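Have a look below at one chain only, the form predicted on its own, in structure tokens format.
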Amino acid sequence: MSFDLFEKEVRILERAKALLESGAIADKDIAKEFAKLHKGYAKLFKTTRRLVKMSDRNEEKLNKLAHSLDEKSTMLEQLSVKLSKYLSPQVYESIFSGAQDASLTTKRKKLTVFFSDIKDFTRTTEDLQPEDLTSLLNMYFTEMSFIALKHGATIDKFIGDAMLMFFGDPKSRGVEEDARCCLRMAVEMQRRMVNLKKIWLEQGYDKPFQMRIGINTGYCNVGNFGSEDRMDYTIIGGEVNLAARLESNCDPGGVLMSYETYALVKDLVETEEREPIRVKGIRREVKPFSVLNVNDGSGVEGNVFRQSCDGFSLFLNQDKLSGQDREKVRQELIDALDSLG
């Protein structure tokens, strides 16, 4: 702070001192009282200046400290954004809000588990250069992650070409709605894969990815697993294994779900019941249901086409057609179109 603030006081003290030294005050008592006041004022002025100096130093320290805190806050914010890329948004939010502790604790909850992978991934990618494979995989995961987050999935992990996600933790919309969200997400993913297949073919990839999806609803252990120094927020249990087993039994481009999930979404979908399967760790026989169509008015689900109106009904599942049957169906469709004139 500038001491121009005290110029007036300095001049007053100097003039008072000069007046005393000049002997202009003839009355000795008045001169004595004036000298006493001058001394007291000078002492007060000295104290005031010292306090102002201390205040300026403290203000400077506080400004430096505030600037340092701003820098650290910005650094922590940037670091937090980077860390968020390694966690599912729901898990990240629960940890940074204090709702979730970074300790080895788990709980048992009923979740809807999503498991997917790429059919024949090794054979499909064995001729690709590492750069092309990286680009293709990153594009695939980016597109699928966008859809997953849009529907509220907790993305557990990417395992090679596989994805493990779940609905119902840390946030849940209720067991039924969690299952329905998972189904909608899976359907949108497969629809997006149809578009991506065209893009990849145009880019010169003659073996575009084909995704298989398994969905199951059941009780899982969810929480932090690992050690005190390194842990993952994930899910374990037989129901997770069942989702993976359903995925391995799913048709390419399809969605296969357990009866437990089907019971929660049956009004949304048209399905085909498949042969029962058995899974290690699951005592019951599992009845799988393949999704044929979703009752959302689009009429299109992956390689399945269904439309109907008065005088017209068509259901076409390309995944079910062999080469010979495919040509036969093609010719019948052409004949039908010709008959319309």
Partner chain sequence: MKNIKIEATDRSPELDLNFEMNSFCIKGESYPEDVTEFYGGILKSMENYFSNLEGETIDFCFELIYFNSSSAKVFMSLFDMLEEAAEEGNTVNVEWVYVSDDDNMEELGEEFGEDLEAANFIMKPVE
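Positions refer to the first chain, counted from 1. Just so we're clear, the structure is a prediction, and the values are computed from it rather than from any experiment.
Below, we refer to the form predicted in complex with its partner chain, which is not included among the displayed structures.
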statement: Which of 24-32, 66-74, 40-48, 281-289 lies within 4.5 Å of its partner chain in the model of the complex, heavy atoms considered? The stretch 40-48
query: Is S55 one of the residues lying within 4.5 Å of its partner chain in the model of the complex, judged by heavy atom distances?
result: yes
query: So in the model of the complex, does K36 come within 4.5 Å of its partner chain, heavy atom to heavy atom?
result: no
